Ligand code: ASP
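A single chain, nothing else alongside it, follows as structure tokens in the form predicted on its own.
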Amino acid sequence: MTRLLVLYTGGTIGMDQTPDGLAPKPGLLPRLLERFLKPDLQFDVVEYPSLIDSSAITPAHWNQLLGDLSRERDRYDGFVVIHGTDTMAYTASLLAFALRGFGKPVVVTGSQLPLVHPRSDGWSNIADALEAACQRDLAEVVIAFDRLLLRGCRARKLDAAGFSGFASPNAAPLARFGIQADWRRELWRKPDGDRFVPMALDERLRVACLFLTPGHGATLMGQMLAEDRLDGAALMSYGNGNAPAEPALLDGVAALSARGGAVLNLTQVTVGAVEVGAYAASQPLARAGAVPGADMTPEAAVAKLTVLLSQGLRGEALRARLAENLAGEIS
């Protein structure tokens, strides 16, 4: 007998039509999930009192999830988190870093259409998520969506118009679901051996993702970094990590680093990575103190900064951990 815990946070999948449009309907999704119960699989469903559209997610919601998963870790064989799609990749990335050493499958899923819709993709997504959560050798956080199993800290929402909402452009899927599940176990991360230590996020942290643009973008970004308003930032630069040698930008990166925070240099392109030295234009940011983020996603970068800063890391210790591959977020 496999026992799973399903945490229902909100999102399209459990919504129904109201006079104002689609909205969460308490009690609906737990009732619909009863069709998945079978003799060798039992699961409990916890419906959060305040079901949210995932666009409203905050660190307080993440702390609620972390607390529930940590508290129930020893009682269940696997976990499914039902979540809205807008910020699903952020939550999956956050959980991937905060639950290192957890040692059990945590599968995040949702849908593009609610279960009450006749063409809903939610039924197959939930079926795949439940099956993945039963894999006892899957010791990481993943997203099950549109017949794919993706590493949580590599996934991105790339499509809001079709059922193939998520992909991991720089990492192969961990499984494909057809008539039979094609488990790519050789790609799964082994338990890292760390003893799991429950943690809570510091909800006061100020972490942002900044998108570089031509013109005044570099100067404005530098001014924001220089002011004492951010604890950490992901900087979305061009190509392989290139940026103009704008003094205000470089001074801002140096200022935030000097305060003990960090700037992660990421690329705006979907496929590829930051490679310092590939172009001379990649060097100034590195010299100013920006940490090359390789092919890390923006969602993973925000999550990684948030978790490491919440653990009290600052300065060189923070920069060193940011450069490490902690949860499979870097190729």
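Heads up: residue numbers just count along the shown sequence, starting at 1. Values in this document were obtained by computation on a predicted structure and should not be read as measured data.
Missing here is the form predicted in complex with the named molecule; even so, the following discussion is about that form.
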note = Note: the named molecule not shown here; in the predicted complex, the stretch from 26 to 34, 53 to 61, 264 to 272, 285 to 293 having heavy atoms within 4.5 Å of it is 53 to 61
message = Against the named molecule in the predicted complex, would residue 111 count as a contact residue? Criterion: heavy atoms within 4.5 Å.
response = yes
ask   = Does the named molecule come within 4.5 Å of any heavy atom of residue 202 in the predicted complex?
value = no
query = Should residue 85 be classed as touching the named molecule in the predicted complex when contacts are defined as heavy atoms within 4.5 Å?
reply = yes
request  = Report yes if any heavy atom of residue 12 sits within 4.5 Å of a heavy atom of the named molecule in the predicted complex; otherwise report no.
outcome  = yes
